[in-house]
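Just the one chain here, laid out as structure tokens, in the form predicted on its own.
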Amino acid sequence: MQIMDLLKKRIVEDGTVLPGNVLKVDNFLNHQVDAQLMDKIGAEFARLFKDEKVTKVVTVESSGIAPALTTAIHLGVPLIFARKHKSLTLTDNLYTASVYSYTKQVSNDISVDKRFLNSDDRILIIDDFLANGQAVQGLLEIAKLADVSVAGIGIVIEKSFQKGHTLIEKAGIRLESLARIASLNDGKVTFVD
């Protein structure tokens, strides 16, 4: 079974549609992680972007880390995750952008240490979900600040009926989504054909 079909099967069988067009998949993607599925997801993103000369995979903590890590392993490159919370060790010399979370209804500043990105880098952005595109927009802003090129964006689950896809399309950046959802109407997941 291809990874796209396997992922769709898991979404239908294990996902829960909540009010407000929220798809809960915390039993295999972003709370409890199915490591074997995540390895297949990383292998698929690595296959899709193998010719893009990616030097680093970039994501936002915390839900994007699992698919980004397996992608980085399969590409043989480092993973960088933008931090949402500042720590005592992460205080200055940062690239920072503001990101609004639709599911959490809160804005966060995300940050990447300037030591980890430079103009020679070509990054691949990986995230678990694409809805309104706020996390991706924040990472694109950091990429611009760091003067790095973006090889593309890999998304595990895209809610195609929200504006994120269009934002990326308008930016002219390659987007590869493994599962594209057309609607979550009446508590039912309908995929883009």
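Model, not experiment: these values are computed from the prediction. All residue numbers are counted from 1 along the displayed sequence.
What follows is about the form predicted together with a further copy of the same chain, which we do not show.
Contact check at 4.5 Å (heavy atoms) against a further copy of the same chain in the predicted complex: none of Q105, Q134 and Q137 pass.
a further copy of the same chain is not drawn, but in the predicted complex it has no heavy atom within 4.5 Å of H165. In the predicted complex, none of the heavy atoms of K53 sits within 4.5 Å of a heavy atom of a further copy of the same chain.
Among heavy atoms of E141, none comes within 4.5 Å of a further copy of the same chain in the predicted complex.
When contacts are judged by a 4.5 Å heavy atom cut-off, S160 does not count as touching a further copy of the same chain in the predicted complex. Residues are counted as partner-facing when one of their heavy atoms sits within 4.5 Å of a further copy of the same chain in the predicted complex; in 38 to 65 these are M38, D39, K56, E61, S62, S63, I65, in sequence order.
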